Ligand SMILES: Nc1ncnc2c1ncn2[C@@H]1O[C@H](COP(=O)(O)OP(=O)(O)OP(=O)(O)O)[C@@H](O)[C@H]1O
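Given next, in structure tokens, is a single chain: the form predicted alone.
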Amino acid sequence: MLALHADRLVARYGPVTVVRDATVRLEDRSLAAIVGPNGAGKSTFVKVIAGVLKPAGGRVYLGDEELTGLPAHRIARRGLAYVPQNANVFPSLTVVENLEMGGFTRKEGLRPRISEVLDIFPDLARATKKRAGTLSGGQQNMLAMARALMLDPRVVLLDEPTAGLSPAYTQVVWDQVQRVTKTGTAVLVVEQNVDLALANASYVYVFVAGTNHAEGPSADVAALDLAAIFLGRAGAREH
């Protein structure tokens, strides 16, 4: 069943069109990635889906419900969580306090949900009393993901969760993303590291100049000449 459908989105910063007619579909319990060169509009695209930026065109659906143009807090309460690349935790709060903030609108079951989320992230379960600002970059990104799960979202959007991490820790973060999908949540990841995206996501979208250039199962996308596509060379074609 389709969890997320962002259809022909358009986004602008002032007079500059950054995203033009870009489309992504995400099935329930699936893991998809968006890759592309710097400036391809990947992060802007997910910000529009999440309600951080207003769309200049297109439609966003979570299941059968249209979310287009709703403010970010209302989108989050409907079951779509967004984890930005930067400033994604409360550094002065402990791990548990961060999770409590993520679940502050829950009417019941806060403590059991914290326990469930910590079961997904063993590193965090061993650091519940540590302040988020003292965690490593990878642990902070995992905490941001964990906090996003506190409201039982149907879809999570992750904007470059491995940016700035050591090579040894990037796969650890992706392993945690895989664990999230196994709980039933669909995940869409913006990933600058193409090799990681191809190795971990089941379906990959390639954005160039703010729009879809190619898409398909990761093995099919891996067979493309992505270097030529990213550089905009003539003759680099999608499947």
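Just count from 1 along the sequence shown to find any residue number. What you see is a predicted model, and the numbers here were worked out from it, not measured in a lab.
In what follows, reference is made to the form predicted in complex with this ligand, a form of this protein that is not presented.
Contact with this ligand in the model of the complex, judged by any heavy atom within 4.5 Å, is made by just one of T181, T211, T170, S43: S43. This ligand in the model of the complex comes within 4.5 Å of a heavy atom belonging to Q192. Taking the partner from elsewhere, G39 is found to have a heavy atom lying within 4.5 Å of this ligand in the model of the complex.
Within 4.5 Å of any heavy atom of this ligand in the model of the complex lies no heavy atom of S136.
Remark: V18 counts among the residues lining this ligand in the model of the complex, judged by a heavy atom distance of 4.5 Å or less. The stretch that touches this ligand in the model of the complex, counting heavy atoms within 4.5 Å, is 31-39, out of 31-39, 194-202, 181-189, 57-65.
Annotation for 71-107: the only interface residue with this ligand in the model of the complex is Q85 [heavy atom within 4.5 Å].
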